[in-house]
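Here we start with a single chain on its own, the form predicted on its own, put down as structure tokens.
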């Protein structure tokens, strides 16, 4: 009777684990094949892409591909003499081709703040773990580390005249009761 209970318990736990695995795997599989374009956007890495990089002054592709009507008319105006373009139009044409200027790319980034914050977080977490270990894991300090105990131990060693030729007993004046 007891043997049947053990076998039934093991079989039921095995069936429950398999069912849980099948349900979670199928739901994860369904989520990975969802038609939502925000989640599953595939990028074709074989086609030219736009990059703002200091070492590549002319990217393979322009910054904006799809142009509005105003931008298309500006591109047509670009084909004429540039002396007829205003500064704002020249800047707008530049922004159609490039996202950032060299000056904007050279501006200091604030990534160092994230790095320093991460370092402080992990140092703080480590300090918390060390404190927890001192309080809950390590045993209390032995009484032999106390200053009173060590003073008594030193006096006992002097009274026993431990190592009187080269040790610290040789540096004790027994007649005056002080260090030489």
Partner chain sequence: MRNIAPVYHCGAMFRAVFRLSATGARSLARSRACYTAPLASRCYSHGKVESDEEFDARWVTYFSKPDIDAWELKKGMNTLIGYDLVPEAKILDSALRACRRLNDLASAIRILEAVKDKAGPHKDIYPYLIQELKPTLSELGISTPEELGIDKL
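Computed from a prediction, not measured in an experiment: that's the story for all the values here. Positions refer to the first chain, counted from 1.
One more form of this protein, predicted together with the partner chain, exists but is not displayed; see below.
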Could you spot which one of 137, 127, 54, 45 gets a heavy atom to within 4.5 Å of the partner chain in the predicted complex? 54
If you check in the predicted complex, do 60, 78 and 98 all have a non-hydrogen atom within 4.5 Å of the partner chain? yes
Just checking whether residue 149 would be counted as a contact of the partner chain in the predicted complex - the rule being heavy atoms within 4.5 angstroms. no
Wondering, does residue 73 line up within 4.5 Å of the partner chain in the predicted complex on heavy atoms? no
In the predicted complex, is there a heavy atom of the partner chain that lies within 4.5 Å of any heavy atom of residue 110, even though the partner is absent here? no
Along 85-106, which positions have a non-hydrogen atom within 4.5 Å of the partner chain in the predicted complex? 85, 87, 90, 91, 93, 94, 97, 98, 100, 101, 102, 103, 104, 105, 106
